[in-house]
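Coming up is one lone chain in structure tokens, specifically the form predicted on its own.
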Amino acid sequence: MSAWLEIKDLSAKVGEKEILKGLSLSVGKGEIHVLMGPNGSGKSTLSNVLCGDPMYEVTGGSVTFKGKDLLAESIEERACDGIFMAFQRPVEIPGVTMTTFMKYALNARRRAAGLSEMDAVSFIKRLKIRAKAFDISEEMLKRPVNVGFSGGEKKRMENLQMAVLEPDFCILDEMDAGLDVDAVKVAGAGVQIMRGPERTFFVISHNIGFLREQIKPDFVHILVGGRVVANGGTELMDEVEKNGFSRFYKEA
């Protein structure tokens, strides 16, 4: 049986700098995978390549997602196909309220799936139910996307987007970075609420306490030098916490 997401010998560069150098990884449906590694190892590059960021040029390898060639799809097609990314530093969108933004995003995905657009009443009901789960007020939903929000509020909004869109594959790029203890719990709550047999997660983080207590991954992968050098379970997190990445540098 083939993997739900299959990455084979993936290479990619930014400008003239090669970052991914033959990275391979197999991911099953409904699993939570943690990506760890020193700075510059390729974690965020892999995330951006999977999302289709045009800054990153794929120079070799393949990525198959749900049986299709992911690299042949546009950014919009990947989003409609169920790929979602929560950014380390969420962007602000002045002039567009969160409610409007989420309605257009959800209906774009529904159209791509051959479904009818959700009417205004049904959408607002869906939005309010999910906003309540993350302690997001109606006033916040009326504000422009992320404009003037604190770090914790932005993470709540990322969780809300994930909950409303119900993506198939969620990439969380250091969404706990720079947050206080309460905000970190909010970030982790989104994963726990959304995890299930139909949804897969890639979580990038250096915060082992956050990963152990909030994320509770199924698999852990260590990246060094643009490649996956170790695959395992939470024992790899324990090793990194105790000894850092020294052993993995040698394996790379």
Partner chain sequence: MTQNTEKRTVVDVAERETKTLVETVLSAETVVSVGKGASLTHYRLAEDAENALTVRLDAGASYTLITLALGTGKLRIAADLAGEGAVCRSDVVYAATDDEVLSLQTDFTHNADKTVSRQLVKGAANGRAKASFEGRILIPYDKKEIDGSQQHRALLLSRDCEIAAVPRLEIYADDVKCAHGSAVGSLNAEQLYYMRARGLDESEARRLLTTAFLNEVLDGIRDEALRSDWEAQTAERIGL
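Positions refer to the first chain, counted from 1. What you see is a predicted model; the values in this text were computed from it and never measured.
FYI, the form predicted together with its partner chain isn't displayed, but the following is about it.
Although the partner is absent here, Cys51 is a contact residue: one of its heavy atoms lies within 4.5 angstroms of its partner chain in the predicted bound form. Heavy atoms of Phe87 reach within 4.5 Å of its partner chain in the predicted bound form, making it an interface residue. Within 4.5 Å of any heavy atom of its partner chain in the predicted bound form lies no heavy atom of Arg126. Contact check for Met118: every heavy atom lies farther than 4.5 Å from its partner chain in the predicted bound form. In terms of contact with its partner chain in the predicted bound form, the residue from Leu141, Cys80, Ala163, Leu71 that brings a heavy atom within 4.5 Å is Cys80. Annotation: in the predicted bound form, residues Glu153, Gly196 and Arg212 none come within 4.5 Å of its partner chain through any heavy atom. Of all the residues from 106 to 124, those having a non-hydrogen atom no more than 4.5 Å from its partner chain in the predicted bound form are Ala108, Arg109, Arg111.
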